[in-house]
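Next up is one chain by itself, shown in structure tokens, the form predicted alone.
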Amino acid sequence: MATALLAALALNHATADDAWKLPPEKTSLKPGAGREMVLGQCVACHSADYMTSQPPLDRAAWAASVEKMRSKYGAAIPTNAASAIADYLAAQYGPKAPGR
């Protein structure tokens, strides 16, 4: 009986995992130096929609956010990539970004 129950739970779990999908992206990141770095490092956990909906942070605030992702949430962002990511986000989504 226990074996049958475990088999049913395993089957149910596999089916649930197979059905899970991310919603389609509605936004793409603006072109600019560092965009590929952000796509490679940040979009693994965050959608472009999420990143572009943040308030217009200055470079120091974006750098702090990137560091928080590394230190608190375990994002596998190499130290040498953090600066390029903060530069890109500040340039494209900061208070002085074009269109702001």
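Note that residue numbering follows the sequence shown and begins at 1. These figures come from a predicted structure and were not determined experimentally.
Separately, the form predicted together with a small molecule exists; it is not shown, and the next lines address it.
Though the partner is left out of this view, Ala60 does not reach within 4.5 Å of the small molecule in the predicted bound form, counting heavy atoms only. Taking the partner from elsewhere, Gly74 is found to have a heavy atom lying within 4.5 Å of the small molecule in the predicted bound form. Contact check for Cys42: a non-hydrogen atom falls within 4.5 Å of the small molecule in the predicted bound form. Shown alone here, Lys30 lies farther than 4.5 Å from the small molecule in the predicted bound form, counting heavy atoms only.
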